[in-house]
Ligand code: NAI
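So this first bit is one chain, no partners, the form predicted alone, shown in structure tokens.
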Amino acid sequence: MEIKKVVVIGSGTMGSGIAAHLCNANIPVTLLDLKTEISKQARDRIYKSRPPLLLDKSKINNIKVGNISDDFNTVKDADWVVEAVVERIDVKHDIYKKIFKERKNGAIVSSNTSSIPIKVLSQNLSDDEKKDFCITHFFNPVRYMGLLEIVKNENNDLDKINSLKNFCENELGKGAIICNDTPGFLGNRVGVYAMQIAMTEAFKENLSIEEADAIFGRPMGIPKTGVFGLYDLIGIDLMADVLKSFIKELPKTDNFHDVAKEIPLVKKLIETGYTGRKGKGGFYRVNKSDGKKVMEALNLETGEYLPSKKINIKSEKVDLKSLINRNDKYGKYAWSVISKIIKYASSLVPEITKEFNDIDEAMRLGFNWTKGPFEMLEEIGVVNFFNKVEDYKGNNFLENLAKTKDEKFYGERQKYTEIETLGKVKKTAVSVDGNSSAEIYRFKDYNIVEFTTKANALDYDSMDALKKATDKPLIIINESMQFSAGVNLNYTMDFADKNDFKSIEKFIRYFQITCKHLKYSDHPVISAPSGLTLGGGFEVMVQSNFVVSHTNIVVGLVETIVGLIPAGGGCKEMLARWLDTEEAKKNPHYAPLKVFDIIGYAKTATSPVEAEPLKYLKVKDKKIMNRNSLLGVSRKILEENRDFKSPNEKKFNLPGKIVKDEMIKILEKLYNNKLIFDHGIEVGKELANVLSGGDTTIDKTLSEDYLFKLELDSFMRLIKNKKTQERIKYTLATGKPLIN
């Protein structure tokens, strides 16, 4: 069946998020609530949302609004009706009665519930109505979270369920996993247990909340919020309600009960209004001291708030073997948490799903873990795990694995989809080279480079891997949340602090050489970005021969924020793109001034639709809703370009001083209006020097190497400047810009 029109009932956070994402797929949506005014307010929130729920603001035109009294007849035309009302079963039953009375024959009806079993939701439906009813549990925010759990009932028309799955996978870009009707389904059942075990073990091991979050975070391949930070983000009171729901629904024999018991300190926080970020604070709070904002953390023993301490466990990369074998309290805590998560997740097979790696994918897609429980077990090693683990009696999965000791138990990844994903390919590819910053895989007749640093920040080793991998057609792609957040500023500042500017210059020059090598390689180079693609990450992408972009990207050149200018070819490439416009052919000042505005203001785009007008992406670049399809589309491009010939080098004619003077007048106006300060003027002048072409005139033809040299010289003057160093250090410490 085709889904051409959808009605979403309930315009709260989830209902409006689902409606917005259907708009992104160009599916007409009607959003209904008790009053039309409520639906209109939801549409306004969607339009203004940050981060944006829409790929482009014009997509809002796909949403019509109404109310469930006057506009319920719109259900008659819908191919899919999504219920996203309050989590009250009586309200839901009343809505279903109205929907099934009005809906057209065969239309799918689903609930977005995260906690109510489908057998309870559907108890008043006829067997025939149950065929078309399921749960579609989206994760928040809908646009950005990849997981969709489709929960089926015993009466379902499975062809229709699979048709819905295919639609959500292909049109909405979701990782749609079909699962059984069990409490919490896949993601929340394991994810909430993991949070609870991380919290209860922190209490047990007398760790501070900062220490627990430092371990149950990046070192375990889990988002940096950690457990206590995540509690604050979700809402401590909401988490208490979630736990009550699990306690009610799960049998007393389930190990979840051991970690779901009420904690007196948590109860007190809720009673006093410390419910997390939405309240007065939670496990963390922002307090004022001497007129300054200070981040404070709760002492789990005394209940007092003290200034939060940054914990450095000296582990940036995910290395579970090293982590659990540490001979300190951090190693003990890590092993206790990881082993219990593995034991609990494996005890649920085949109850919640017969494919254990569906649980891994649920944790990747719904909680942004880099590895699910079974991948953690695979990395630790089966023999190593059983040498350390304690009682696992009654756990059929682990008992069977203990007998076989099969280190290759995992088999194929991502069984929930038929798409040839990067995860599947890596299982069969050969790792041909790599270093501490990137891996090179070979699959058949092409190479893959996957960056492996924190936020995939780039350094000398990253460039080295890229350069080596061009002996075959190359796809630059990864499974992490970011394509690349740019050059590793910590790496750069380590040299600056030692006054070793020669090493910085050597690195930037090698960065330039590598990017030029990518652009003019004998074999095609494809970048397949998703997530942050900023600064140096953008420069790698923009100097690839082809781009296949996920719709969820944040792309741009942001170097001016930290007092630098793009120096890996970013200025050069943006000039080339804008010089190719009709306006630039009529006015030689047009392109330099346009790029000066874009880079000077560090403009970013949050989708390919926003990126095209800035020329961060070209019209011909592929834009993909489903991130799993990036590799397949990239491979298809390689197939279509077997006779690839590298492009001719670009030549530039730039106005020089005459346009540079215009740029400086712009800077002076901004300075006089107090929009920039002293160092902003200095950074702007260096950018103006590069984009004007430096000491040139319009009749001189400039090479790419000449522009690379301008970029490098300006970069080096700025990195030596103490005010730039102050900006970089402040941003690294706080994550915020310093205006000086």
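Residues carry their position along the shown sequence, with the first being 1. What you are looking at is a predicted structure, and each value in this text was computed from that prediction instead of being measured.
Heads up, the form predicted together with the named molecule isn't pictured, but that's what we're talking about next.
Using a 4.5 Å heavy atom cutoff, L34, I95 and F138 all lie near the named molecule in the model of the complex. Contact annotation: D471 falls outside 4.5 Å of the named molecule in the model of the complex, judged by heavy atom distances.
The closest heavy atom approach of M14 to the named molecule in the model of the complex falls within 4.5 Å. Interface residue remark: E87 is counted as part of the site for the named molecule in the model of the complex, having a heavy atom within 4.5 Å. The named molecule in the model of the complex comes within 4.5 Å of a heavy atom belonging to I68. Checking 156-164, 575-583, 606-614, 130-138 against the named molecule in the model of the complex, the stretch whose residues place heavy atoms within 4.5 Å of it is 130-138.
Only one of I658, V286, V430, V91 lies close to the named molecule in the model of the complex, with a heavy atom inside 4.5 Å, and it is V91. Just one of T560, N488, N112, Q543 comes within 4.5 Å of the named molecule in the model of the complex, counting any heavy atom, and that one is N112.
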